[in-house]
Structure formats: C-alpha cells, structure tokens
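For reference, the chain that follows is the form predicted alone, supplied as structure tokens.
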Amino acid sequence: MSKKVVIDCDVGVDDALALILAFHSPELEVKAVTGVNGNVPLQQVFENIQKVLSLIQPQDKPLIAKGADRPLKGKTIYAHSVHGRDGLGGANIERNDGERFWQIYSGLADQLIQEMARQYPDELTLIATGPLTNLALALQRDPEGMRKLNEVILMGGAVRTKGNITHLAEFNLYSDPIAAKLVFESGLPITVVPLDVTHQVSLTSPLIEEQVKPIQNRFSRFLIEAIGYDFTTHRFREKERIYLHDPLAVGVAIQPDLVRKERTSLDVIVQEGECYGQIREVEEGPKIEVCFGVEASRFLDLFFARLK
C-alpha cells in the first residue's frame, strides 16, 4: 500500500526535484502540496507549486494551499542567490492554462494539514522541505489532531556539521527557529534529514553527463536548466555540485532503510546572536530520529530511475 503524503515546501530547485520524485513514486500518494515562505516569497512559492505540477501533470490532482507568508517572529530571508529570483533557476515550464493539475484549497495550509491529519488518522506522512512555520501553526491550531500524523519527515538543521546560512545554522531552521523549536518539542514522530546526511548525496558533472543527459525527457531538461548546467564547459553555474537536500527527505519516505538513524533530543537556539537557528543535541526532551548516514549510490539510482 502507498503512503498518503502531504508535502509542505518553499519551492526552490531542490523542492521541485523532490516533488517530481514524490509524484513519480508509486510508494507515495501525494494528497496535498502546501506552500510556506522560504526560498522565495510565498506568492512565488505558490506559483512555483503550480508550475511544477504543470510539469508533472499528475492524474490525481492534489489539493494545494498557501501557508505562512512570514516566520512566527523575526525577519524574512530568501535564498535568491541559490535558487534565482524565481526560485526555479530561471527554468522555463510551459503551462497549459486550459488545464489545472491541482485543486485549490479554500483555507490556509496549516488548516489543510490539520484537517488531513484527522481525515487519515495514523496514515498520513508529512514531508516538510522548507521552514516549519506551517507545521507549527497547525500544532497551535489543533495539537490533538496533529498527533494523528503517522510520521513527520523534515529536511533541516545541521546537527554535527556546519551550517549553510551561518557557520552554525541551516537555512530552513534559521528562517523560523521558533517554529522549529515548537515542532521538536511537540512529541510528534519526527525524522530529521539534516545537512549531515544531505551533503552525502549530490549531483556532479559526471552524473549529469552520464545519468541525466541520456534521459532526454521534460524532467531531465528541467533539471539541467534549473541547476544551470553547461555542457560546453561541463560546469554548474557558480557551483561544483548540487546537493539533493529535499529529494533525500522524499527518498526517506519511499525507502526508510536508505538512511542510518540515531535517536536523540534536539533543541533549537531562538535567542538572537551567533547561535541563532542552531540545533543542539540535548539530554532532555522528546526523542527524534536523526539521519546521519545514507546509501548514497542506492538513493541516486532511485532518483535517476524516477526522473525517467
């Protein structure tokens, strides 16, 4: 049986690749896609959800909803330098305005998440690939209903490695550390996919040339355009490799044994200063599954197979 899934995302390039992987995987049944302010502003996130669904063209049209347009507290930050102004690296997706591959939910994302948790008790997996604002709001709205989630898989944090937005913090958690703290202290069945493990899976120039280029479909073309790979110079745009942060979170939902986990308690630093947004392992608090190792080649094989 396939897992019923809601994907809460801030659609940048790797979120888009995560959505492609999820919808191309028979192990998952994507019921809804919700947007949160993150890599780009919320309105752009919502447009990108529709663009990526236009690319995927799922037969079963998921519900989509807008969520939080700012963190619970503090300033918004964006990742335009990583994902481009549009969040999709400037990749062009042809949209057929005559057909929509989604259904727009009338309420906000946190309401939809909470309703679906109650609609599918002990069945629903929530995959969060952006800041955790929507999840925190859903917990505040209906903590009892949210306990009906079967599992939460979230991409975020740097546990035993350095960060990517500061030397201590990872972008998703740094964007709304108060929300992350609420989630980690909620007691929900959480699996964290941090930079410790996502930095072990990446697209390199040889992989693009040998694995992606031969596929020759709209998904491989989107990937190549979005990451800015140049076949004449055999180089990425300003990078040496592209990390598959968000697709790995989806991979963990598809094949949980891809990763090696440890149970630990995590605390999020919410005080302004050098450590803002950092997560630390602590003695007290609910235990969380944290991924530290991955069978990288096995995951990449899965990713390339589903790209086809």
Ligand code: BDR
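One rule holds for the numbers: they count along the sequence shown, beginning at 1. Keep in mind it's a predicted model, so treat the numbers as computed, not measured.
Keep in mind the form predicted in complex with the ligand is missing from the figure; the text below concerns it.
Heavy atoms within 4.5 Å of the ligand in the predicted complex belong, among the stretches 21-29, 296-304, 281-289, 7-15, to residues of 7-15. Residues Q111, M116 and L149 are none of them found to lie within 4.5 Å of the ligand in the predicted complex, as judged by heavy atom distances.
Proximity of Y229 to the ligand in the predicted complex falls outside the 4.5 Å heavy atom cutoff.
Although the partner is absent here, S186 sits far enough away that none of its heavy atoms falls within 4.5 Å of the ligand in the predicted complex. Taking non-hydrogen atoms only, T129 approaches the ligand to within 4.5 angstroms in the predicted complex.
Residue contact with the ligand in the predicted complex: T34 places no heavy atom within 4.5 Å of it. The contact with the ligand in the predicted complex, taken as any heavy atom within 4.5 Å, belongs to N164 out of S220, S202, N164, S205. Along 154-183, residues M155, N164, E170, F171, N172 each place a heavy atom within 4.5 Å of the ligand in the predicted complex.
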